[in-house]
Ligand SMILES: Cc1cc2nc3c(=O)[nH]c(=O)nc-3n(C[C@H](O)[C@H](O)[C@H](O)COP(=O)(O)O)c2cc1C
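Before any questions on how it binds or moves, here is one chain, the form predicted alone, in structure tokens.
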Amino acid sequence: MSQDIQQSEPFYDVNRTYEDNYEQGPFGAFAEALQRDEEAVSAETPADSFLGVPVNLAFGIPAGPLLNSRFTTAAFRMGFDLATYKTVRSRAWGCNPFPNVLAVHPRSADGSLTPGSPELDEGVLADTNYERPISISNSFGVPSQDPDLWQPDMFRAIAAAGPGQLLVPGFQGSRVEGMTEEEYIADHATTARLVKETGAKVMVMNTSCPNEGHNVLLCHNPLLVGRIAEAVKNEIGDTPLMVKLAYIPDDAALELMVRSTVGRGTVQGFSTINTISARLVDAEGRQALPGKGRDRSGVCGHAIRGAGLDMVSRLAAIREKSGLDFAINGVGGVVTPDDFAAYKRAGADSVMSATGAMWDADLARKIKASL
């Protein structure tokens, strides 16, 4: 284990259960930020924007590690001007069994995973040896509190944003046994309405997590996403909507996603990428994460940087060719200021970091210092 990892305490403690993190977190520098008096924030006019909302710098943390208002408030105090509230649902939803996070070690010399690589199916080593550049498993199953709990907490999270900062709620629909496709679409719309009731200025709809069984991703069905986005937009009106995507290898499918959403005026941007699905194994080649249906997990962090940059650049090319106006939020493997700069060069209007920020609470300040 490298020394810098040993000295850095992630604000989400991977050695505790999700439930313990929710009740007791955040940890490390984020916990210290909550204990201090609120820091003074510059009153200068914000120089950047996110989905039309002015912000100091369009950099922050995507859906995932910010579990509640304590986490998002700490993120704001650490200089992350965009804080995405963990994806919520229309009903309470449980988390996958512990552990959820393991360190992931691709075989490539640069520690990257390439979509379509045989390694993704053959098996990627996962253990508790957290080293930089860091890559991890993301095996939570998109848990959610009941709306009676998350709505008032989201309201508090929105209120805690400082000048030039923005709370970005994430949400998704929930597919339950016996539900028709129309009911599934309606559940997205219901959840979006519940989010809007908190006073959210923007929102991000998750279509990229393999949580409905068999690793099926909603974003791989652009026409269905288009129908869902239309139903959601009918509920939220002019509130800007961004769609969170996984890696989509086919250019025609990616263009269809853009035409089915932005082209119909229902979506104002895309956030990409979430994770890359891989079969995770221990040193003996056995399933690394315990439990049925968990032989594969989404991998995030440094390993997916190349795939994230590829998606951003392809979306930027589609934007230029089509003449359609939409925002691109670049996510995946942002662990240094240089990674932030690479995403901006690729065409991202905003950038977010989950894994990198978890292990480096000062990442936003480092990026701002580099500009």
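All residue numbers refer to positions in the sequence shown, first residue = 1. Since this is a predicted model, take the numbers as computed values, not measurements.
Quick note: we don't show the form predicted together with the named molecule, though the next part is all about it.
Trainee: Of these, Tyr184, Tyr130, Phe155, Phe140, which has a heavy atom no more than 4.5 Å from the named molecule in the predicted complex?
Mentor: The option sitting close enough to the partner is Phe140.
Trainee: Just checking whether Met311 would be counted as a contact of the named molecule in the predicted complex - the rule being heavy atoms within 4.5 angstroms.
Mentor: Contact with the named molecule, no.
Trainee: I'd like to know whether Ala354 contacts the named molecule in the predicted complex, with contact meaning heavy atoms within 4.5 angstroms.
Mentor: Output for Ala354 is yes: heavy atoms within 4.5 Å of the named molecule.
Trainee: Could you confirm whether Lys86 comes within 4.5 Å of the named molecule in the predicted complex, counting heavy atoms only?
Mentor: Residue-level check for Lys86: yes, a contact with the named molecule.
Trainee: Contact with the named molecule in the predicted complex for Cys300, defined as at least one heavy atom pair within 4.5 Å: yes or no?
Mentor: Residue-level check for Cys300: yes, a contact with the named molecule.
Trainee: Report whether all of Lys244, Ile304 and Gly333 sit within 4.5 Å of the named molecule in the predicted complex, measuring from non-hydrogen atoms.
Mentor: All of them do, each having a heavy atom within 4.5 Å of the partner.
Trainee: Can you say which of 312 to 320, 23 to 31, 59 to 67, 46 to 54 gets within 4.5 Å of the named molecule in the predicted complex, counting heavy atoms only?
Mentor: So the stretch in question is 59 to 67.
Trainee: Along 182 to 208, which positions have a non-hydrogen atom within 4.5 Å of the named molecule in the predicted complex?
Mentor: Heavy-atom contacts within 4.5 Å come from Asn206, Ser208.
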